[in-house]
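Next comes just one chain, in C-alpha cells: the form predicted on its own.
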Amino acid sequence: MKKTKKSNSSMKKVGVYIFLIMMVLVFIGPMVFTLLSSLKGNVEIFDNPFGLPKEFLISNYITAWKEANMGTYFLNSILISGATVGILVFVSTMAAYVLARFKFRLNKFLGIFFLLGMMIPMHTILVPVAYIIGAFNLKNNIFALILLYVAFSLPFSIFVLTSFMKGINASLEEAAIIDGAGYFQIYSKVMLPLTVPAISTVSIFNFLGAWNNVLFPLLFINDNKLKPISLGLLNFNGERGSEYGPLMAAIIITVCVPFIIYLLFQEKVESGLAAGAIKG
C-alpha cells in the first residue's frame, strides 16, 4: 500500500512538472520568437523562425527607434508613467493615512466611496469623459492624460495602502507624539517608511497600467509628438506592418521596461500584496 501511494504521488508530481514545463514553453515561446525575429530580415523570419539569425540586424532597432519615432514615444511613456506614479504615491498615501488612522463621521463613507471606484469599468464612462475633455479643450494634453490615469488608479491604491496602514502598530505613532511629532511628521517619518512594501506594489501596478494603456491615448492624443509607446506601436503596425524585423524590434522596445521592472521587483509585489491581505 505504501509503495502504491508513493508511486501515485510521484506520478502526480511528474504530471504537474510536465504541465508547468508546457505552460512555460507556451508563454516564453512568443517572446523568444519576437526577440529572434527582431534581429532578422523578412525572408529569414519565415525561413527559420526559431533559429539564431545568420546576421544580427541591429539596424532593425535603429529603424524602429529613429525612423518609426519609437524613441519619442518611449520618452513620452516614461514621462507619463513616471508622473502618474509620483502623483498617485503622494495622494494615495495621504488619503490612506487619514482613512486608516483618523476616526471621524465620514471615514467609512469615504472608504466605501473609494472602493466603489474600483467597481466602475473604465469603458462605461468613456462618453462623459470624452465630453469633459472636449469641453475644456484638453485633447493633445499630456497632463490631462496623466490625471485620467491617476483618477482610475486612485481607488485601488488607496484600498491597498489603507489595508496595510491599519495593521501598523499604533504604539509607534504614540511614541512619535510623545516626542513632539505632528501629524505630518508622523506621516512622513513613521508611516511612509513602514509602508514601503505596499507603496512598491501599487507603484509597479500603476506604472504598468499607465505604460500599457492604449484606449485613452487613442481617444485623446492625436499629435505624433505626444503619443505614448503603446499608441506608437499601434501606428507602427499600421504604417510599416510589412517590415517584420523593425516591427518585432519595436515590440521588444515596448515590453522591455515593464519586463525589467517586474523582474527586478516581483518579490516586493508579492510580499506587499501578501502583507496587505494579512494586515487587512
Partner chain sequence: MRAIKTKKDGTKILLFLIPALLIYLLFMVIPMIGAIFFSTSEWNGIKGSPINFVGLKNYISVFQSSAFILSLKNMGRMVFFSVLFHTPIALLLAVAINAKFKGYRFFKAVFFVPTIFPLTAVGLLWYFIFMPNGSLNHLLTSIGLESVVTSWLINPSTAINTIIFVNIWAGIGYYMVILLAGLTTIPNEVYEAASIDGASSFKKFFHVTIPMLKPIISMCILMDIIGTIKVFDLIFVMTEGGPNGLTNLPTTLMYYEAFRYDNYGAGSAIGVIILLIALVLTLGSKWIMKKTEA
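Positions refer to the first chain, counted from 1. For clarity, a rigid core is taken as the largest C-alpha set superposing within 1.5 Å between two forms. It should be emphasised that the depicted structure is a prediction, and the values quoted were computed from it without experimental measurement.
Beyond what is shown, the protein has a form predicted in complex with its partner chain; the following relates to that form.
Considering non-hydrogen atoms and a 4.5 Å limit, which listed residue (Ile251, Ala68, Leu39, Leu226) is close to its partner chain in the model of the complex?
Here the answer is residue option Ile251.
Consider Ser230 of the chain shown here, and say whether it contacts its partner chain in the model of the complex, taking contact as heavy atoms within 4.5 Å.
So Ser230 counts as contacting its partner chain.
Counting only non-hydrogen atoms and a 4.5 angstroms cut-off, does Phe56 reach its partner chain in the model of the complex?
Answer no; every heavy atom of Phe56 is more than 4.5 Å from its partner chain in the model of the complex.
is_contact(Pro155, its partner chain) in the model of the complex, heavy atom dist at most 4.5 Å:
Close contact exists here: in the model of the complex, Pro155 approaches its partner chain to within 4.5 Å, heavy atoms only.
When the contact criterion is heavy atoms within 4.5 Å, does Gly117 count as touching its partner chain in the model of the complex?
Yes, Gly117 lies within 4.5 Å of its partner chain in the model of the complex.
Counting only heavy atoms and a 4.5 Å cut-off, does its partner chain in the model of the complex sit next to every one of Ile78, Ala83 and Leu194?
No, the whole trio is out of contact, none within 4.5 Å by any heavy atom.
Sequence-ordered list of residues in 32-56 near its partner chain in the model of the complex, where near means a heavy atom within 4.5 Å:
The stretch touches the partner through Phe33, Thr34, Phe46, Asp47, Pro49, Phe50.
Cα displacement of Val26 between this form and the one not shown reaching 2 Å, rigid core superposed
Yes, the C-alpha position differs by at least 2 Å between this form and the one not shown.
Do you see a C-alpha shift of 2 Å or more at Cys256 between this form and the one not shown, with the core held fixed?
No, Cys256 moves less than 2 Å.
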